[in-house]
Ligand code: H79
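Below you will find one chain, with nothing else, as C-alpha coordinates; this is the form predicted on its own, and questions on how it binds or moves follow later.
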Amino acid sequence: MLGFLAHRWIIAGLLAIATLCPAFARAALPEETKQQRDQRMAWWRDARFGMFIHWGLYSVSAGEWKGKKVPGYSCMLQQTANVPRDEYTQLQKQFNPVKYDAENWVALAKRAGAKYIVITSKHHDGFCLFDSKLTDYDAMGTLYGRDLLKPLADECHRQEIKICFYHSILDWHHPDAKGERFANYVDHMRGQLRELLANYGPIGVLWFDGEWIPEWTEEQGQALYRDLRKIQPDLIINDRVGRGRQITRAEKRKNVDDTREFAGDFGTPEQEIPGTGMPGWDWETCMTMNDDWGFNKDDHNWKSTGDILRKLVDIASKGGNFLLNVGPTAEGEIPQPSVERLEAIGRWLAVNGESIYGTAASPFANLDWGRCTRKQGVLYLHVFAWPNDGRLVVPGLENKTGKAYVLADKDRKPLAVARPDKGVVITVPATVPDPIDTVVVLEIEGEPRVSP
(Lines give C-alpha, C1' and ligand atoms only; values in the text may rest on other atoms or scores of the structure.)
Protein backbone atom coordinates (compact mmCIF):
# COMPACT_ATOMS: atom_id res chain seq x y z
CA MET A 1 0.00 0.00 0.00
CA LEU A 2 1.29 3.46 -0.84
CA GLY A 3 2.34 5.65 2.06
CA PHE A 4 0.55 8.94 1.38
CA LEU A 5 1.31 12.36 2.80
CA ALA A 6 -0.77 12.81 5.96
CA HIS A 7 -1.08 16.55 5.90
CA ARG A 8 -1.73 19.39 3.44
CA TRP A 9 0.72 22.04 2.41
CA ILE A 10 -0.62 25.55 2.92
CA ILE A 11 -0.39 27.38 -0.38
CA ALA A 12 1.16 30.68 0.60
CA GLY A 13 2.08 33.92 -1.10
CA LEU A 14 1.12 35.50 -4.35
CA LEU A 15 1.11 33.55 -7.59
CA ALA A 16 4.29 33.36 -9.65
CA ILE A 17 4.15 35.47 -12.79
CA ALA A 18 5.71 33.90 -15.87
CA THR A 19 5.24 33.61 -19.61
CA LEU A 20 5.45 30.71 -22.00
CA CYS A 21 4.69 32.18 -25.39
CA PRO A 22 7.81 33.04 -27.42
CA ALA A 23 6.25 36.36 -28.36
CA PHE A 24 6.30 37.58 -24.76
CA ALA A 25 9.16 37.98 -22.30
CA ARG A 26 8.69 36.36 -18.91
CA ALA A 27 7.97 38.90 -16.21
CA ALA A 28 10.23 38.57 -13.17
CA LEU A 29 8.72 37.57 -9.85
CA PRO A 30 8.05 40.64 -7.67
CA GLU A 31 11.11 39.90 -5.52
CA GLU A 32 13.37 39.13 -8.50
CA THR A 33 14.85 41.90 -10.64
CA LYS A 34 15.89 41.34 -14.24
CA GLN A 35 19.51 41.31 -13.10
CA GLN A 36 18.76 38.66 -10.48
CA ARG A 37 16.89 36.55 -13.04
CA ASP A 38 19.77 36.87 -15.50
CA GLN A 39 22.17 35.72 -12.78
CA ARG A 40 19.95 32.74 -11.96
CA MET A 41 19.63 31.74 -15.60
CA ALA A 42 23.27 32.44 -16.53
CA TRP A 43 24.72 28.92 -16.18
CA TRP A 44 21.82 27.40 -18.11
CA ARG A 45 22.08 29.94 -20.94
CA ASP A 46 25.82 29.34 -21.19
CA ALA A 47 25.51 25.54 -21.12
CA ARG A 48 23.67 25.09 -24.43
CA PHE A 49 23.93 21.27 -24.20
CA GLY A 50 22.54 18.78 -21.69
CA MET A 51 21.92 15.04 -21.42
CA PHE A 52 18.39 13.75 -20.81
CA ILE A 53 17.97 10.31 -19.18
CA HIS A 54 14.68 8.41 -19.40
CA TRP A 55 14.94 5.43 -17.06
CA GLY A 56 12.38 3.42 -15.17
CA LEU A 57 10.34 0.22 -15.08
CA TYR A 58 9.54 0.59 -18.77
CA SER A 59 13.17 -0.32 -19.49
CA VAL A 60 12.30 -3.85 -18.29
CA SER A 61 9.54 -4.26 -20.90
CA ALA A 62 11.84 -2.58 -23.48
CA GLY A 63 9.05 -1.77 -25.94
CA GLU A 64 6.97 -4.93 -25.74
CA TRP A 65 4.31 -6.48 -23.55
CA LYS A 66 3.68 -10.21 -23.21
CA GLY A 67 5.93 -10.91 -26.18
CA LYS A 68 4.29 -8.40 -28.51
CA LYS A 69 5.78 -5.14 -29.73
CA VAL A 70 3.92 -2.07 -28.54
CA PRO A 71 3.83 0.94 -30.90
CA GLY A 72 4.77 4.36 -29.62
CA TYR A 73 7.19 5.39 -26.92
CA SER A 74 8.27 2.61 -24.55
CA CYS A 75 7.87 4.90 -21.52
CA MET A 76 4.17 5.22 -22.41
CA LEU A 77 3.64 1.45 -22.61
CA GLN A 78 1.35 1.23 -19.59
CA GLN A 79 -1.12 3.48 -21.42
CA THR A 80 -0.59 2.45 -25.05
CA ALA A 81 -0.80 -1.29 -24.27
CA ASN A 82 -3.64 -0.68 -21.78
CA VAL A 83 -1.78 -2.59 -19.06
CA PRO A 84 -3.71 -2.87 -15.78
CA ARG A 85 -1.96 -1.06 -12.96
CA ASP A 86 -1.51 -4.17 -10.83
CA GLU A 87 0.10 -6.02 -13.75
CA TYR A 88 2.43 -3.17 -14.62
CA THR A 89 3.64 -2.77 -11.04
CA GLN A 90 5.03 -6.34 -11.20
CA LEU A 91 7.88 -4.86 -13.24
CA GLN A 92 9.16 -3.40 -9.98
CA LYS A 93 10.12 -6.91 -8.86
CA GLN A 94 12.10 -7.43 -12.11
CA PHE A 95 13.98 -4.13 -12.10
CA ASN A 96 17.53 -4.83 -10.95
CA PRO A 97 20.12 -2.46 -12.51
CA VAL A 98 23.22 -4.31 -11.30
CA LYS A 99 25.38 -2.69 -14.02
CA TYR A 100 24.43 0.87 -13.06
CA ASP A 101 27.54 3.00 -12.55
CA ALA A 102 26.73 6.63 -11.77
CA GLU A 103 30.38 7.66 -12.01
CA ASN A 104 30.59 6.34 -15.57
CA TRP A 105 27.28 7.95 -16.57
CA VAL A 106 28.44 11.37 -15.42
CA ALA A 107 31.88 10.85 -16.95
CA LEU A 108 30.19 10.02 -20.27
CA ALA A 109 28.16 13.24 -20.09
CA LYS A 110 31.38 15.16 -19.46
CA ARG A 111 33.13 13.48 -22.38
CA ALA A 112 30.14 14.44 -24.53
CA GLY A 113 30.52 18.07 -23.52
CA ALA A 114 27.13 18.18 -21.76
CA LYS A 115 26.92 20.69 -18.94
CA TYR A 116 23.89 19.28 -17.15
CA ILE A 117 21.96 16.03 -16.71
CA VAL A 118 18.17 15.78 -16.45
CA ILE A 119 16.95 12.38 -15.21
CA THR A 120 13.44 11.07 -14.69
CA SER A 121 12.87 11.03 -10.94
CA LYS A 122 9.31 9.85 -11.66
CA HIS A 123 7.68 9.31 -15.05
CA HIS A 124 3.97 8.98 -15.83
CA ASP A 125 3.87 5.42 -14.44
CA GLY A 126 4.44 6.83 -10.94
CA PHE A 127 7.54 4.75 -10.17
CA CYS A 128 10.24 6.74 -8.36
CA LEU A 129 13.95 6.23 -8.95
CA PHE A 130 14.68 7.68 -5.52
CA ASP A 131 14.10 6.72 -1.90
CA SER A 132 10.72 8.32 -1.22
CA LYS A 133 9.28 8.08 2.27
CA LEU A 134 5.83 8.68 0.79
CA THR A 135 5.49 5.50 -1.27
CA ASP A 136 6.73 1.93 -1.57
CA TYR A 137 6.58 2.22 -5.34
CA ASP A 138 10.18 3.33 -5.62
CA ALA A 139 13.73 2.09 -6.14
CA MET A 140 13.90 0.79 -2.58
CA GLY A 141 11.22 -1.78 -3.40
CA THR A 142 13.21 -3.33 -6.26
CA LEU A 143 15.71 -6.19 -6.14
CA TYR A 144 18.39 -3.52 -6.34
CA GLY A 145 17.01 -1.89 -3.21
CA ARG A 146 18.93 1.38 -3.36
CA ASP A 147 18.29 5.02 -4.19
CA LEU A 148 19.31 5.51 -7.84
CA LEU A 149 19.37 9.31 -7.84
CA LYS A 150 21.67 9.82 -4.85
CA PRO A 151 24.85 8.40 -6.41
CA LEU A 152 24.13 10.26 -9.65
CA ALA A 153 23.58 13.55 -7.83
CA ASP A 154 26.74 13.02 -5.77
CA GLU A 155 28.77 12.32 -8.92
CA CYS A 156 27.36 15.35 -10.69
CA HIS A 157 28.37 17.56 -7.78
CA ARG A 158 31.82 15.94 -7.70
CA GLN A 159 32.38 16.15 -11.46
CA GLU A 160 30.89 19.65 -11.66
CA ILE A 161 27.87 18.93 -13.82
CA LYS A 162 24.48 20.30 -12.85
CA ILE A 163 22.06 17.62 -11.65
CA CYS A 164 18.45 18.22 -12.69
CA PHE A 165 15.29 16.19 -12.13
CA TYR A 166 12.36 15.46 -14.45
CA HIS A 167 9.10 14.90 -12.56
CA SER A 168 5.71 14.01 -14.00
CA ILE A 169 2.54 15.71 -12.78
CA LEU A 170 0.56 12.94 -14.47
CA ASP A 171 0.64 9.69 -12.42
CA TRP A 172 -1.02 6.46 -13.52
CA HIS A 173 -0.23 4.68 -10.24
CA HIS A 174 -1.53 6.95 -7.50
CA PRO A 175 -5.27 6.28 -6.89
CA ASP A 176 -6.02 9.97 -6.27
CA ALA A 177 -4.16 11.35 -9.31
CA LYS A 178 -7.42 12.03 -11.10
CA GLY A 179 -10.93 12.88 -10.12
CA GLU A 180 -12.42 14.40 -6.98
CA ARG A 181 -9.56 13.39 -4.66
CA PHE A 182 -6.91 15.09 -6.81
CA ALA A 183 -6.00 17.47 -3.97
CA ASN A 184 -4.70 14.47 -2.00
CA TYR A 185 -2.43 13.58 -4.89
CA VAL A 186 -1.16 17.17 -5.16
CA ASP A 187 -0.14 16.98 -1.50
CA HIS A 188 1.65 13.72 -2.24
CA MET A 189 3.43 15.15 -5.28
CA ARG A 190 4.47 18.26 -3.38
CA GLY A 191 5.88 16.06 -0.64
CA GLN A 192 7.99 14.12 -3.12
CA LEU A 193 9.24 17.34 -4.69
CA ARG A 194 10.28 18.54 -1.23
CA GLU A 195 12.22 15.30 -0.85
CA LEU A 196 14.03 15.92 -4.14
CA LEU A 197 14.96 19.45 -3.13
CA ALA A 198 16.03 18.46 0.40
CA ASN A 199 18.10 15.31 -0.13
CA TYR A 200 20.27 15.75 -3.23
CA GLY A 201 22.06 19.05 -2.82
CA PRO A 202 21.57 22.06 -5.11
CA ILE A 203 19.35 21.17 -8.08
CA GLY A 204 19.81 22.98 -11.39
CA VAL A 205 16.41 22.40 -13.00
CA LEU A 206 13.09 20.82 -12.12
CA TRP A 207 11.75 19.63 -15.47
CA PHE A 208 8.02 18.99 -15.29
CA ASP A 209 5.86 16.99 -17.70
CA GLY A 210 2.34 15.57 -17.83
CA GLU A 211 0.76 18.96 -17.16
CA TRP A 212 -1.97 18.32 -19.73
CA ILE A 213 -4.27 16.42 -17.36
CA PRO A 214 -7.56 18.30 -16.87
CA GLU A 215 -7.23 18.39 -13.07
CA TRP A 216 -4.05 20.50 -13.23
CA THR A 217 -4.54 24.24 -13.55
CA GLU A 218 -2.32 27.18 -14.41
CA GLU A 219 -3.01 28.61 -10.94
CA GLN A 220 -1.72 25.40 -9.33
CA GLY A 221 1.36 25.58 -11.52
CA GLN A 222 2.07 29.17 -10.56
CA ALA A 223 1.69 28.38 -6.86
CA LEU A 224 3.94 25.32 -7.18
CA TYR A 225 6.55 27.31 -9.08
CA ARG A 226 6.69 29.94 -6.36
CA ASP A 227 6.80 27.47 -3.47
CA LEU A 228 9.62 25.42 -5.02
CA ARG A 229 11.67 28.57 -5.62
CA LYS A 230 11.26 29.39 -1.94
CA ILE A 231 12.99 26.11 -1.06
CA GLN A 232 15.85 26.56 -3.54
CA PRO A 233 15.82 30.18 -4.79
CA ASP A 234 18.31 29.50 -7.61
CA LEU A 235 16.16 26.72 -9.05
CA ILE A 236 15.17 26.89 -12.73
CA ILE A 237 11.78 25.40 -13.68
CA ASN A 238 10.45 24.63 -17.14
CA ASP A 239 7.16 25.81 -18.65
CA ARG A 240 5.37 22.50 -18.08
CA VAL A 241 4.96 23.29 -14.40
CA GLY A 242 1.79 25.14 -15.47
CA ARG A 243 -0.79 24.91 -18.24
CA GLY A 244 0.65 27.66 -20.43
CA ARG A 245 2.03 25.30 -23.07
CA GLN A 246 -1.40 23.74 -23.56
CA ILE A 247 -3.33 27.01 -23.40
CA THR A 248 -1.15 28.86 -25.89
CA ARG A 249 -1.25 25.90 -28.29
CA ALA A 250 -5.05 26.10 -28.24
CA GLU A 251 -5.04 29.86 -28.69
CA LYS A 252 -2.58 29.55 -31.55
CA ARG A 253 -4.91 27.08 -33.28
CA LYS A 254 -7.68 29.65 -32.94
CA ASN A 255 -5.39 32.45 -34.18
CA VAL A 256 -5.88 34.30 -30.89
CA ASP A 257 -3.15 36.59 -29.60
CA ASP A 258 -2.88 35.36 -26.00
CA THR A 259 -0.94 37.84 -23.86
CA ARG A 260 -1.53 36.15 -20.52
CA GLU A 261 1.45 35.28 -18.36
CA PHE A 262 2.30 31.69 -17.44
CA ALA A 263 4.53 29.84 -15.00
CA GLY A 264 8.00 28.66 -15.93
CA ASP A 265 11.45 29.90 -16.89
CA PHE A 266 11.91 28.33 -20.34
CA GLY A 267 9.97 26.79 -23.20
CA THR A 268 10.24 23.13 -24.15
CA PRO A 269 9.72 22.27 -27.83
CA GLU A 270 9.84 18.49 -28.11
CA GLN A 271 11.36 16.54 -30.99
CA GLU A 272 11.49 19.72 -33.08
CA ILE A 273 13.56 22.85 -33.59
CA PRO A 274 11.48 26.03 -34.01
CA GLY A 275 12.18 27.56 -37.40
CA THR A 276 13.15 30.96 -36.00
CA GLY A 277 13.79 29.90 -32.43
CA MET A 278 11.70 31.52 -29.68
CA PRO A 279 12.81 35.18 -29.70
CA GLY A 280 12.50 36.89 -26.33
CA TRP A 281 12.17 33.60 -24.47
CA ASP A 282 14.60 31.06 -23.06
CA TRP A 283 13.97 27.67 -24.64
CA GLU A 284 15.31 24.15 -24.91
CA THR A 285 14.65 21.47 -27.52
CA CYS A 286 14.50 17.94 -26.09
CA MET A 287 15.07 15.15 -28.58
CA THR A 288 15.74 11.42 -28.83
CA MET A 289 18.77 9.86 -30.53
CA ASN A 290 16.61 7.17 -32.10
CA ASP A 291 12.80 7.10 -32.07
CA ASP A 292 12.23 6.37 -28.37
CA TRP A 293 12.78 8.02 -25.01
CA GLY A 294 13.13 4.90 -22.89
CA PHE A 295 15.08 1.78 -23.81
CA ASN A 296 13.50 -0.09 -26.72
CA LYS A 297 15.37 -3.19 -27.79
CA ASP A 298 13.91 -3.07 -31.31
CA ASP A 299 14.54 0.61 -32.04
CA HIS A 300 17.70 0.85 -34.14
CA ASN A 301 16.76 3.98 -36.08
CA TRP A 302 19.66 6.04 -34.79
CA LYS A 303 20.33 9.56 -35.94
CA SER A 304 23.83 10.01 -37.33
CA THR A 305 26.47 11.89 -35.39
CA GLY A 306 26.53 14.51 -38.14
CA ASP A 307 22.78 15.01 -37.92
CA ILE A 308 22.90 15.41 -34.14
CA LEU A 309 25.82 17.82 -34.28
CA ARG A 310 24.13 20.00 -36.85
CA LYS A 311 20.98 20.01 -34.73
CA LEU A 312 23.04 21.22 -31.77
CA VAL A 313 24.51 24.01 -33.90
CA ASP A 314 21.12 24.92 -35.39
CA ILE A 315 19.60 25.20 -31.90
CA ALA A 316 22.49 27.29 -30.55
CA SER A 317 22.28 29.56 -33.62
CA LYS A 318 18.66 30.29 -32.66
CA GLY A 319 19.48 30.98 -29.00
CA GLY A 320 18.29 27.67 -27.54
CA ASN A 321 19.59 24.71 -25.57
CA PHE A 322 19.73 21.09 -26.75
CA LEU A 323 18.67 18.34 -24.32
CA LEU A 324 19.69 15.05 -25.95
CA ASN A 325 18.19 11.84 -24.58
CA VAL A 326 19.57 8.43 -23.67
CA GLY A 327 17.46 5.46 -22.55
CA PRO A 328 19.44 3.07 -20.33
CA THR A 329 18.63 -0.63 -20.13
CA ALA A 330 16.98 -2.27 -17.13
CA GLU A 331 20.47 -3.47 -16.12
CA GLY A 332 21.70 0.11 -15.99
CA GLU A 333 23.73 0.36 -19.18
CA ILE A 334 23.55 3.21 -21.68
CA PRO A 335 23.25 1.63 -25.16
CA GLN A 336 26.49 1.57 -27.13
CA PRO A 337 25.09 3.55 -30.11
CA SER A 338 24.28 6.36 -27.68
CA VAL A 339 27.75 6.18 -26.16
CA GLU A 340 29.40 6.34 -29.58
CA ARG A 341 27.41 9.40 -30.62
CA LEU A 342 27.94 11.22 -27.34
CA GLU A 343 31.68 10.64 -27.47
CA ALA A 344 31.83 11.86 -31.08
CA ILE A 345 29.94 15.02 -30.12
CA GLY A 346 32.39 15.49 -27.26
CA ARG A 347 35.38 15.23 -29.58
CA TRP A 348 33.92 17.94 -31.82
CA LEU A 349 33.10 20.17 -28.85
CA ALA A 350 36.59 19.71 -27.42
CA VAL A 351 37.83 21.55 -30.52
CA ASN A 352 34.87 23.79 -31.33
CA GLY A 353 33.08 24.25 -28.00
CA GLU A 354 33.95 27.94 -27.95
CA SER A 355 31.46 28.38 -30.80
CA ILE A 356 28.60 26.80 -28.78
CA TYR A 357 29.00 27.48 -25.06
CA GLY A 358 27.97 30.95 -23.93
CA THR A 359 27.01 32.08 -27.42
CA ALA A 360 24.08 34.18 -28.57
CA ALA A 361 21.74 33.70 -31.52
CA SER A 362 22.73 34.47 -35.09
CA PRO A 363 22.22 38.01 -36.42
CA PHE A 364 21.48 36.59 -39.88
CA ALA A 365 17.98 35.65 -41.02
CA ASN A 366 19.34 32.94 -43.31
CA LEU A 367 22.68 31.51 -44.41
CA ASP A 368 22.50 29.04 -47.26
CA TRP A 369 25.83 27.44 -46.32
CA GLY A 370 25.17 26.86 -42.62
CA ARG A 371 24.59 28.67 -39.34
CA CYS A 372 26.13 31.39 -37.16
CA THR A 373 26.61 31.83 -33.42
CA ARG A 374 28.23 34.83 -31.78
CA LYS A 375 29.93 36.36 -28.77
CA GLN A 376 31.06 39.91 -28.13
CA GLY A 377 33.26 40.90 -31.07
CA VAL A 378 33.21 37.46 -32.71
CA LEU A 379 31.06 35.62 -35.25
CA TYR A 380 31.33 31.84 -35.45
CA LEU A 381 30.45 30.77 -38.98
CA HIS A 382 29.36 27.12 -38.96
CA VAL A 383 29.88 25.92 -42.52
CA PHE A 384 27.81 22.84 -43.40
CA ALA A 385 28.17 23.26 -47.19
CA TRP A 386 31.80 24.08 -47.98
CA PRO A 387 32.06 26.55 -50.93
CA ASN A 388 33.47 24.92 -54.07
CA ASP A 389 35.02 28.20 -55.23
CA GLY A 390 36.81 28.87 -51.94
CA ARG A 391 34.70 32.00 -51.26
CA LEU A 392 32.65 32.01 -48.06
CA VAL A 393 30.14 34.83 -48.49
CA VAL A 394 28.82 36.49 -45.32
CA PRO A 395 25.87 38.49 -46.69
CA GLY A 396 24.91 41.96 -45.47
CA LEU A 397 27.48 42.25 -42.69
CA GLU A 398 28.21 45.96 -42.17
CA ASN A 399 30.69 45.83 -39.28
CA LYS A 400 34.36 46.56 -39.63
CA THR A 401 36.10 43.18 -39.61
CA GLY A 402 39.33 41.89 -38.13
CA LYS A 403 41.01 38.52 -38.35
CA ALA A 404 39.38 35.38 -39.77
CA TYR A 405 40.58 31.82 -39.19
CA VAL A 406 39.41 28.22 -38.86
CA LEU A 407 38.66 27.52 -35.19
CA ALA A 408 40.19 24.03 -35.36
CA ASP A 409 43.47 25.49 -36.66
CA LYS A 410 45.77 25.64 -33.61
CA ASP A 411 48.00 28.15 -35.40
CA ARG A 412 45.01 30.36 -36.28
CA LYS A 413 46.42 31.01 -39.72
CA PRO A 414 44.69 34.16 -41.06
CA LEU A 415 42.22 33.79 -43.91
CA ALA A 416 41.91 36.58 -46.45
CA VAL A 417 38.90 38.84 -45.87
CA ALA A 418 37.50 41.03 -48.65
CA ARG A 419 34.67 43.55 -48.70
CA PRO A 420 32.73 43.72 -51.94
CA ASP A 421 29.78 46.08 -52.30
CA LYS A 422 27.66 44.17 -49.76
CA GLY A 423 28.80 41.87 -46.99
CA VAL A 424 32.10 40.07 -46.54
CA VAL A 425 33.92 37.35 -48.47
CA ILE A 426 36.39 35.05 -46.68
CA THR A 427 38.82 32.98 -48.72
CA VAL A 428 38.80 29.46 -47.27
CA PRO A 429 40.94 26.38 -48.01
CA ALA A 430 40.05 24.30 -51.04
CA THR A 431 39.72 21.15 -48.94
CA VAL A 432 37.05 21.13 -46.25
CA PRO A 433 38.60 20.58 -42.79
CA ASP A 434 35.42 19.06 -41.28
CA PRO A 435 32.65 17.92 -43.65
CA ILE A 436 30.06 17.97 -40.86
CA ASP A 437 30.73 21.49 -39.61
CA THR A 438 33.85 23.58 -40.06
CA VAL A 439 33.79 26.66 -37.84
CA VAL A 440 35.29 29.83 -39.31
CA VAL A 441 35.88 32.61 -36.80
CA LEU A 442 35.41 36.20 -37.94
CA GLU A 443 36.33 39.04 -35.61
CA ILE A 444 34.16 42.16 -35.83
CA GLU A 445 33.95 45.54 -34.12
CA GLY A 446 30.87 46.19 -32.01
CA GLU A 447 27.50 44.48 -32.08
CA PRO A 448 26.75 42.81 -35.42
CA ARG A 449 24.89 44.94 -37.96
CA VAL A 450 23.34 43.12 -40.90
CA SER A 451 21.49 44.79 -43.76
CA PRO A 452 18.56 42.97 -45.39
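Residue numbers here begin at 1 and follow the sequence given. All values derive from a computational prediction rather than experimental measurement.
One more form of this protein, predicted together with the ligand, exists but is not displayed; see below.
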* **Contact test in the model of the complex: residue 212 vs the ligand, heavy atoms, 4.5 Å** => yes
* Contact flag, residue 52 vs the ligand in the model of the complex, heavy atom cut 4.5 Å -> yes
* Asked: Is there a heavy atom of residue 73 lying 4.5 Å or less from a heavy atom of the ligand in the model of the complex?
  -> yes
* Taking heavy atoms only, is residue 246 within 4.5 angstroms of the ligand in the model of the complex? -> yes
* Could you work out which of 174, 374, 124, 115 is the residue within 4.5 angstroms of the ligand in the model of the complex, going by heavy atoms? => 124
* Structure fact -> Among 225, 166, 262, 322, just one has a heavy atom within 4.5 Å of the ligand in the model of the complex, namely 166
* **Partner-facing stretch of 286-294, 106-114, 191-199, 299-307, counted where any non-hydrogen atom is within 4.5 angstroms of the ligand in the model of the complex** => 286-294
